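Just the one chain here, the form predicted on its own, laid out as C-alpha cells.
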Amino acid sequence: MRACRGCVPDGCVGASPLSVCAVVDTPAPTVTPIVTIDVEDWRPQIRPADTERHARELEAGAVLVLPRLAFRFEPDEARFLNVRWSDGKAKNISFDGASIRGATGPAQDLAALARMIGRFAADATALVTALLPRYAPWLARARTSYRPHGAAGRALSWRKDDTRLHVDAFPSRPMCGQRILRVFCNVNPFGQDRVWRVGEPFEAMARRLLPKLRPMIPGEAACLSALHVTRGRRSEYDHMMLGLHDCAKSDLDYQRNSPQREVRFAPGTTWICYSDQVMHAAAAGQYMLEQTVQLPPDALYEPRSSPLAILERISGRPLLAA
C-alpha cells in the first residue's frame, strides 16, 4: 500500500479545484486536509504504522480519499442507477439491515435493491475495520443511504440545504459526544464527479461562530425530551453542535468568504471523514452510496482532537453534564 498526503495551504471561493494527489506539507492547514490512500480492496491489508497514521489524520479532521476503490455492481444492479426507484418524498433511499425506506417499486425489485445497499454496508464497515482496527469493537452501524438524486437543485430550507458548508448535527437525536464517521462512494455511471466544498478546520470554525450562539436555557433539554422533540436529553455539546450547524448554514457571508476549497471525487472513488468535524458542502453530483457509523469518544486514537474535546477546551467546562 502506498499513501500520498495532500494539505491545502490556503483556500478561498473561486480557487482552483483541489487534486486529491497534491502533496503539500503544511503544519497548520487553513482548510481541510486531503489524504490520498492507494488501495483498491474493501478489505485491504494495512500495516499497523499506517493504520495509526491514517487514524490520527482522520481524527484531526482530514478527508481520506481512496480514488481506486470502487463499489462493484452485480450484473442486474445497474438498473438501480435511476431516480425512478426513489419515492420522491425523501432525498435518500435508506436501509437499516431489515427494511428499506424512500424507495418505490415491486417487492422483488426492492428486495434486490436492499441487497445491493446491504452489500455496500458490509464493504464499508469492513473497510473502516481494516483501516482503523481499534474501532472494530465499538462500531455502531447506522442506516445506509443510496442517493440517486442530484446534490443540488432540490427545493429545501436553508437548514436542510447540504450545498451550504456545515458540520453534521442531528436536531432530534442527541449524540452526547458520539462521533459520526461516514464512508461515501461515487457510483455515477455517466462520468460525473461528486463535487464538495471543504472548509476551515473545526476549531477555527468553532472559535469564529461560537460567540454568535445563544446559550442553552435551563430546563430546555428536559422539556424537549418530555415533548418527544428529541430522543433523549440534549446535552450542551449537542446544543452547541446544532448551533454551529445552523449558524454556518444561515450566514451567507460565511458561506461565501470563509476559507474553503473545491474537491472533486471521480466515479469509482471512495472517501471517509468525520462529518461532525469536517466543514463540507455537496455542491454537485448524482448517484452516491453512503454508510454512517457511530463511535464513542473512548474508541478514538486521539480523543483530544474530537469536537467534544475542542468545544470543552474553548468553553472551559464539561459539556456532557446532566
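What you are looking at is a predicted structure, and each value in this text was computed from that prediction instead of being measured. Numbering starts at 1 and runs along the sequence shown.
Quick note: we don't show the form predicted in complex with a small molecule, though the next part is all about it.
key: Touches the small molecule in the predicted complex: residue 60 (any heavy atom, 4.5 Å)   = Result no; residue 60 lies far from the small molecule in the predicted complex.
ask   = Quick one: does residue 282 come within 4.5 Å of the small molecule in the predicted complex, counting heavy atoms only?
value = Residue 282 belongs to the contact set for the small molecule.
query = For residue 64, is any heavy atom within 4.5 Å of the small molecule in the predicted complex, or not?
reply = Heavy-atom contact with the small molecule at 4.5 Å: absent for residue 64.
ask   = Does any heavy atom of residue 168 come within 4.5 Å of a heavy atom of the small molecule in the predicted complex?
value = Yes.
key: Options 102 to 110, 69 to 77, 210 to 218, 190 to 198; stretch whose heavy atom lies within 4.5 Å of the small molecule in the predicted complex   = Selected range: 190 to 198.
inquiry  = So the small molecule isn't shown here. In the predicted complex, which residue out of 37, 295, 272, 288 has a non-hydrogen atom within 4.5 Å of it?
reply    = It is 288 that has a heavy atom within 4.5 Å of the partner.
ask   = Considering 135, 202, 237, 184, which brings a non-hydrogen atom within 4.5 Å of the small molecule in the predicted complex?
value = Only one listed residue qualifies here, and that residue is 184.
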